[in-house]
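Presented as structure tokens, the chain that follows is alone, the form predicted on its own.
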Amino acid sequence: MKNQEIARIFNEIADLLEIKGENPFRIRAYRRAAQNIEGLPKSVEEIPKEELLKVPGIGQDLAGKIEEYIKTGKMQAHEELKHEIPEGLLTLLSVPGLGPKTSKLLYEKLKIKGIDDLERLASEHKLVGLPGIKEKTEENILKGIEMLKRGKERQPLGKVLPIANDILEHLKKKAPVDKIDLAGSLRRWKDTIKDIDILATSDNPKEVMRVFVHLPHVKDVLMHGPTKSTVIIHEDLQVDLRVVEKESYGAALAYFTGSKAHNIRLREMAMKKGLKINEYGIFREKDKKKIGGETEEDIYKILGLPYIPPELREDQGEIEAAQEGRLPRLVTAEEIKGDLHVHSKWSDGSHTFEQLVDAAKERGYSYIAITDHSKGLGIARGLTGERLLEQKKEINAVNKKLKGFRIIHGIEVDIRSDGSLDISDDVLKELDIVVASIHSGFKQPRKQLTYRLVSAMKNPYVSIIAHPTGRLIGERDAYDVDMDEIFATAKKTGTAIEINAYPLRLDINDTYAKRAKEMGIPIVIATDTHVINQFDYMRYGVSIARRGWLEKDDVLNTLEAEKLFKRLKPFK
């Protein structure tokens, strides 16, 4: 929790500095620090200062600010900056896609005092005419406001899951629980979450409830009962905790995991068999005798079904597949052999090749692909063709020292507005792998965005298309691209499509992943790692794959390196 809070404050400081026109390097330092703090595997509260100083981008100044926040709950520098900026302007900064410069312009020219003002003026087309503001800009502002409102209802999985797991750990340590699990959409790994559901068993539920409502996460207590309590935590999420009887735990876990549509199908099947299912168990209707419910497997077995993994429980054909023995054996994180989208210090990553290799080995990988940015992304210190060939020499030197592990040399090449790539084919053909992606022009017309991706896939050296729809959950909607044409081209050219595991991307989503599987399009799950702890984001990408019914054979990086190269375009 503290990591996310500090990352949010550092990003806000960067925004405020940008409004003031401060040094861009200082602004970038705060954004980099925010990214690296957010990616830490444990809370900053547990990290000694000397270890904190080893985090890339964290020097004495920022480490001091982190310590100050841990002790006081505030950063003086942040508070002073907020006092320098009018409150109305601060409010505008919360609108996704409305950057510091545009926010400042709108505030100064129109004296907009809040979101309602902004929405009204944009709806009435009263923003057009200001420098850089066109009708499309108004449209995008209204979309941003809609996204902001949506974000208050549902929050990204990547933000909610760490908080939920932290609450779980607190309860395991402080409360007399026996079994305890997350339920609801979190257990199904949906990409956005409305609230947190927790289920437990205990011989002393009253004490469990007492501990729960007094957790440090809690802002308000909505209900405090003997077996069920509801709280609002500081992130404005509702958390429900239920303690149930041990013999009903499986039935309750199935019931509260959902989805609602999946549960309705199970109840319909039960009725046809003269049975009744609820959160207490599974019963015979004729004599009300309980015949199962201690485990989830009970429920499915009694209905004549194999166990259906939580990720599939959406009433999207999983019941029929289970009845016909067609349930997929879903891919697991343990089956991933390497990560094919990794950034190093050569561009905007934070680590050397050796550091990245060590971190990948710790996770059981046998390879990683170094795919630094190309020159088109200047803010990320993208590589020119010449530097890329220099990097190749260094990677070859490192590879000679490695045993049982390989660095695959690649690039994340930028797709220009005209569909060309910003590294020449003469250089690309020297690489092991080429990942192509869009990093600008997200608001271009559907036809142009689609053309850019299709053109990249037709390049004989492009192996993978990264984060194809460009979404950032809660911050930026997917851009308008014809995925039917993208998939048809990928099928024709043999280009792999990435599931980008970065928690705010999860791009492609589960629906597209399932369609790719049905079309026989190769999939890669990759983390887009910039900080070594982000290797752990792989589980998010795997969750999207599982929700999309993907099996081991559908995912290229479940293969060892030699077999991978036989499957990966350009088929070296």
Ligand code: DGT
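If you're wondering where the values come from, they're calculated on a predicted model, not measured in any experiment. Residues carry their position along the shown sequence, with the first being 1.
Below: the form predicted in complex with the ligand, not depicted.
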ask   = With the ligand left out of view, which of Y461, Y502, Y255, Y107 would have a heavy atom within 4.5 Å of it in the predicted complex?
value = Y255
request  = Find the only residue in D422, E245, D195, E296 having a heavy atom within 4.5 Å of the ligand in the predicted complex.
outcome  = D195
key: G349, R381 and H439 each touching the ligand in the predicted complex (heavy atom, 4.5 Å)   = no
request  = Using the partner position in the predicted complex, report whether G410 sits within 4.5 Å of the ligand, counting heavy atoms only.
outcome  = no
task = Answer with yes or no whether G184 is in contact with the ligand in the predicted complex, where contact means some heavy atom within 4.5 Å.
result = yes
query = Taking heavy atoms and a 4.5 Å cut-off, does N399 contact the ligand in the predicted complex?
reply = no
ask   = Is there a non-hydrogen atom of Q444 within 4.5 angstroms of a non-hydrogen atom of the ligand in the predicted complex?
value = no
ask   = With the partner removed from view, which of 122-130, 165-173, 209-217, 255-263 is the stretch that lies within 4.5 Å of the ligand in the predicted complex, judged by heavy atom distances?
value = 255-263
